[in-house]
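Presented below, as structure tokens, is a lone chain in the form predicted on its own.
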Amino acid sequence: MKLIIDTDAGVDDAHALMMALACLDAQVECITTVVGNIDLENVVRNVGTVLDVMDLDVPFYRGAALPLVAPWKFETEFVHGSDGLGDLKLRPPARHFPAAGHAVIQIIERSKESPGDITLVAIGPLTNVALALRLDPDLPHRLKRLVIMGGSLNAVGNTDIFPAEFNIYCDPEAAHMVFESFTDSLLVSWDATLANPLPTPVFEELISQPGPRAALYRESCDGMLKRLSEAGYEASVLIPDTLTMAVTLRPELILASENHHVSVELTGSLSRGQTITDHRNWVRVKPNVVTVTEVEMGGVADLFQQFVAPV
């Protein structure tokens, strides 16, 4: 399986990258970076840190530093910390740095080099994907599939716009373009995240492992869960990006899914960035996403074990 991973490199993004890099069945062609959880400079730094800890050489590229239209502001420090990785106290000496070239161009060119073979996994805002579409409208026909972490199909979000999920909320125009252009994306929504948390016994076992990989996982989680608790949120172990990566790497882990047409609200004063879902196919518009609803969490736990295991 050939992957391009487009990421805004917060805590859960880092874990998703580690999961993909540790999977023997996956070939990560490159990693592309986008603003979202943290500013682009920290996104790039965090991807480098993941590669340092995993001791793997995978090219990664700078992408969009701002959303298409909306201003960007740092809204997730209470989750991801000031550095986007849980305020890591100890980072390994930096050995991996971004390659020359732009993320958007890499998405286009690599899809041309391997038409029909590459799965693009978007675990951040969809800005890079939208820019690639504008430069190359044929992109959807060359990708094997687009997998998206984003959206809330039941209007239960995680932003100040209550029904909006963060990745879509961060760049609604980009998300609108992507949902309009791709006809069979796999979508792991915030609803799926809430319905499929990492079981506490699994989490406790993971953070007890020795070695630098488990140390990065443990320290980034500790900071995130502590800040969420201090902010008054239930500190359950939600895994939006790693859940997305798990069902990408192991589609057989999807126990239940639904087909829907999903679009993005762009103008509502109380709903901008909300994903609007035609649950009953009322308007008879062809579905454009397969939405994951239930996941076999034992298999997800196995994938976590693979990337925290000492090597």
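Residue numbers here begin at 1 and follow the sequence given. The shown structure was predicted, so the numbers you read here are calculated from the model rather than taken from an experiment.
Another form, the form predicted in complex with a small molecule, is not on view; read the next lines as being about it.
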{"query": "Distance check, residue 166 to the small molecule in the model of the complex, heavy atom within 4.5 Å", "finding": "yes"}
{"query": "Residue contact check: residue 37 to the small molecule in the model of the complex, 4.5 Å heavy atom", "finding": "yes"}
{"query": "Non-hydrogen atom contact residue 171 with the small molecule in the model of the complex at 4.5 angstroms", "finding": "no"}
{"query": "Residue 107 within 4.5 Å of the small molecule in the model of the complex, heavy atoms", "finding": "no"}
{"query": "Selected contact from 120, 129, 149, 216, since only one has a non-hydrogen atom within 4.5 angstroms of the small molecule in the model of the complex", "finding": "149"}
{"query": "Single option in 196, 158, 185, 220 placed near the small molecule in the model of the complex, where near means a heavy atom within 4.5 Å", "finding": "158"}
{"query": "Region of this chain that lies against the small molecule in the model of the complex, out of 269-277, 43-51, 64-72, 238-246 [heavy atom, 4.5 Å]", "finding": "238-246"}
